[in-house]
Each structure stands twice: as C-alpha cells, then as structure tokens.
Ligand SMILES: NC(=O)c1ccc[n+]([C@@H]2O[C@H](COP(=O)([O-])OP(=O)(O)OC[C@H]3O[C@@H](n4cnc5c(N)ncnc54)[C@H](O)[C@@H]3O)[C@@H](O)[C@H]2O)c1
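Just the one chain here, laid out as structure tokens, in the form predicted on its own.
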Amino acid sequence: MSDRYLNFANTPAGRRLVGALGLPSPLPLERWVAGRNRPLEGALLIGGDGDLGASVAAFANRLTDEYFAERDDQYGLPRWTAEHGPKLKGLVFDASGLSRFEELDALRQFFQPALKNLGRCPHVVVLGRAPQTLDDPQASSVQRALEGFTRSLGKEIRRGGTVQLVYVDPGAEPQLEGALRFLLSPKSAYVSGQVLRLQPCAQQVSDWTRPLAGKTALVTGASRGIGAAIAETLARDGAEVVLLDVPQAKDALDALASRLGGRSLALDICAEEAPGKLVEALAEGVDIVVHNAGITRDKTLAKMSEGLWESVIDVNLRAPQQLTAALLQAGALRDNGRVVLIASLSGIAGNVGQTNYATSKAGLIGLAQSWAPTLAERGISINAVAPGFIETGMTAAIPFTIREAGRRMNAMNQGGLPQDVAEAVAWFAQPGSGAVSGQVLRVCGQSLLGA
C-alpha cells in the first residue's frame, strides 16, 4: 500500500508545509536493486584505534570505490577531512580499544564532523567487544556504553540513515566482511539501532554475487506477502527454494514456485502428519529453514476464547518447533544449516489485543536462544527476525489512525517493506552468518516501542 504522507512530504509543496508545521519529514529509503555491484556506493570513512579497523580497511576496496581514514597514516588510507572530503555514505568506527571512561570522548570527536557531511541514506556501524568477555569492570562498562550511544545516534542521524553496533569476539574477524556487506548496504535500509554479536565461524561465502548457491531453502507461508518476498530474495541469492503454504493457497504457491524455478509443497503445518510429510518431501536434505507462516486472531484477553488462543500458539509457535525438531531428528537439516524464525516486534514490546500473538512470537525468540548452543555442535545457527510495521495486505486493513501511528512511531517515520524482512533473512541464511546465533534482529526502522 502506498504511503501517501511520505510521497507528499517529498514534493516541493509538501516539504514547505511539513517544515512549517514541524511535522515528521521521512525520506524514501534506498533499497537494493538488481544490477548493483558494490554494497556501498559512496565514500566510506573508517576510524578508531582498535584492531578491528585495520581488518575492515583490508577489505574496504570490496565494499566501495572510495574509502578514507580518520587520520594521516592510519590503515594506509588517505585521510578524510570535513573541508575537502566527499560526502560520506558509510561510517565504521572501531571502538573495541576503548577501555576507560574518558576515552569515550573519541566517539564525539569522530562523529561530530562526519555527521555534518553525510550523504542521503547513510549507514553507520560501531565495532566493539562483547562486555561479558572482558575481565576489567571499567572496560566492560565502556563497551556496554556503546549501546546507549548507537541507539541514541540512530534517532538523531535522520536523512534515512541507520546505525548499528556489532560486538566482535576474538577469532570472528573473518566474518566482518559479510556483516558489513549487509549493514552498510541498502539491504539493511529498515534496520537501525540494533546490537549484534559475531562469534567465530568456519564457514565463508565463496561468491558474493550468489552467496546461497548450492543451498536448498524451505520457506513456510510462502505464497504471498513477506513469505513470497523471502522466497524471491533467497532465489535471487542462488538458493533452490521449496515453498510451503496451506492447501488453500496452492494456486498462488505453484505460480510463485514456477517463476522462481523452485518446488511447492501444499501442507497444513498443524496437521498431525505434517512433520512426517515434510521430512519425506525434503528427503534429499535442506540447508536453510525459514519459519514465516503465522496468523493473528486478535481479541483482548478478557474476550479471548480458547480456540483463538490455541490456534495462534499452534501455528506460530508449536508448528515451527515440531517441524524443526523433526528435520533435525531425521538428519534432513544438514550440518552448517541455517534456521530463521520470523518473530515480531509484538513479541518484544507487546500489543493491545494480541496477548496470544505476542506470546507466540516471544516464544519463537525463546526457541532461538535455547536451541542455539545445542545446534552449534553441528555448525547450525538459529536466529529470529522481528519485523515492526511492514506494508502488507494485513497492515493495509488496519484502521487509518492506527496504521498511521504504526508507520510514524520509528526513527524513520515510515513503514518497512516485505523486501526489508527478506534481506535480513537472506543475510542470516548465508554461510558466514553462522557467526550470529541465538540472536534477534529487529526490522522496524528503530521503533519507539520495545528495547
């Protein structure tokens, strides 16, 4: 559904009126388009004094054609200055070396001049070390302080920009390129204010143009909306897709599978025989499992019937658990596989009239966190993606005032697109993204709701 306010606010008359009234002024976000060659089209500035900045500088030429350092003789790169440097499209600040409270001022010194020279839709990543891995209490406190800094900066940056914090464990440096290819690119257009942790992972992407080549991916709830976007994006990245949805959606499912060169599977995931039938359909094995299928049955708890409660728990939570367990037990989910659970911002912040839905989605986050250590023994990662307000047929049916509130209550003052969720899933599905497991990535434009 078209966002008429965003479209109007970006006309000459709209800009004047919005400015005069002090209303939100959202910019159209830059998103990944076919034919693009580099993750970043524009200048990248790398700063900080830790060891991670040097790692980034070593592959900066694979991210963009223009890359600079904060100071002379740093990383062997030319120095960027506010007076003579180009507008900046990407910023990477290595804060991993900060260990004393007074050193936090390095954040202000780096970002102040840079923020005044940003291009449109810039992407910022701060790199640190996980506080819980540090023995020095003050150093741990300093690294934890980075979360408050990045989340606040995400709400200040404007211009359609994003800001993320990535904690990098020792030994995880080889996976920095994959993370930055996502976080510095338009693929993360609607992801901001997020904190991720990279841990060592032996798997690597061999071809960045088709990072999922040779992989088989299962997507549930794939006939339309976010599920269809996920299927299209995984296929774009080289995966052979198996698309699953309810029998009632078979025609749409077959048409999409035919267009993507994949296979369709019409199956009620809550049926008693569903796990066995899924294992049989995936007898040759699967590398990527995306649990996207979900329903809403909204009522306040006082009016919630047992049927409404159980149906949502069954589809959204019990079925993903049972199907994944069946694939694991049968050995159908291959070693170094990737499992992605589509949760929701409601599962983090809650929502009126959605106790059943929020419970199910919070439970999915719990599945990711609880299964991650066990699955790691086979190199399998499991993560959750939590969308906020996404422009779909479902949100188009929401009453106007509630819909507008959902669109504007985030740092970008607009809703996301199914593509935004799909890009996050595709990143989690990559071989090198085994460095991230048991974590939650919110795709919500840094919503004002929740953590």
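All figures in this text were calculated on a predicted structure; none of them were measured in a lab. From 1 onward, residues are counted along the sequence shown.
There is another form of this protein, the form predicted together with this ligand, and it is not shown here; the text below is about that form.
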Residue-level contact is defined here as any heavy atom of the residue lying within 4.5 Å of this ligand in the model of the complex; does residue 225 satisfy this criterion?
yes
Indicate whether this ligand has at least one heavy atom within 4.5 Å of a heavy atom of residue 169 in the model of the complex.
no
Is there any non-hydrogen atom of residue 217 lying within 4.5 Å of this ligand in the model of the complex?
no
For residue 268, is any heavy atom within 4.5 Å of this ligand in the model of the complex, or not?
yes
Looking at 330-338, 130-138, 291-299, 94-102, which lies within 4.5 angstroms of this ligand in the model of the complex, counting heavy atoms?
291-299
At 4.5 Å by heavy atoms, is each residue in 43, 58 and 89 next to this ligand in the model of the complex?
no
Looking at 182, 357, 80, 371, which is the one with a non-hydrogen atom within 4.5 Å of this ligand in the model of the complex?
357
Given that this ligand is left out here, which of 191, 234, 343, 243 has a heavy atom within 4.5 Å of it in the model of the complex?
343
If you apply a 4.5 angstroms heavy atom cut-off, which residues in 366-405 are near this ligand in the model of the complex?
387, 388, 389, 390, 392, 394, 395
